[in-house]
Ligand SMILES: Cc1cc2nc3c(=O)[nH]c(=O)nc-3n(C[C@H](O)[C@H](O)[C@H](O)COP(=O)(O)O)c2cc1C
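One chain comes next, on its own, written as structure tokens: the form predicted on its own.
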């Protein structure tokens, strides 16, 4: 089993990456593989609602969204990490995830998801809340921890001084591993995915 993580920071080795690494190392101890996918510091397009999504993901191919989609199809679980900008997730991670979920939400459905937010001080709980919205609309079980999945640090490496934050990341990984193993056991026992209905669309309030 494998967990695909997304570093929503433009900084490859900054605090968001290091927090994801803490989760990943604990996952390895639990027998779960992980990969951290970098959004990088290049331009990430917004979703423009063009409706031209295809089997590969988004119709636009000049960034890394479809590369992530291809990996998502093979992954068993997800962790999305974001720095906190103005009490909100980074614009790039939201643009990235908007296109991933709009074009390829089926590739993530029924797979456990978790988000983590990193900040110098405030805004983490608001950022955490925004990130979790993607899971709720996509039939993804949400993985929690012993506190909200947040950790603090400003300069690269400072998250490693946040003892409670590190504990939260490690417990998140343990919970993710437990959930993945439960799902695998259910699959072997013949438990099928729910038959979800999606034919009713109400576009106005009566």
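Being a predicted model, the structure only gives us computed values, none of them experimental. Positions refer to the first chain, counted from 1.
Keep in mind that the form predicted in complex with the ligand is missing from the display, and what follows is about it.
*Asks:* Would you check whether the ligand, in the predicted complex, lies within 4.5 angstroms of a non-hydrogen atom from each of 14, 87 and 154?
*Replies:* Checking in the predicted complex: 14, 87 and 154 are all within 4.5 Å of the ligand.
*Asks:* Is residue 119 close enough to touch the ligand in the predicted complex, meaning at least one heavy atom pair within 4.5 Å?
*Replies:* Yes, residue 119 is a contact residue.
*Asks:* In the predicted complex, does residue 77 come within 4.5 Å of the ligand, counting heavy atoms only?
*Replies:* Result no; residue 77 lies far from the ligand in the predicted complex.
*Asks:* Decide whether residue 83 counts as a contact residue for the ligand in the predicted complex under a heavy atom distance cut-off of 4.5 Å.
*Replies:* Answer yes; at least one heavy atom of residue 83 falls within 4.5 Å of the ligand in the predicted complex.
*Asks:* Please determine, with the chain shown alone, which of 93-101, 69-77, 130-138, 111-119 has non-hydrogen atoms within 4.5 Å of the ligand in the predicted complex.
*Replies:* Checking each option against the 4.5 Å cut-off leaves 111-119.
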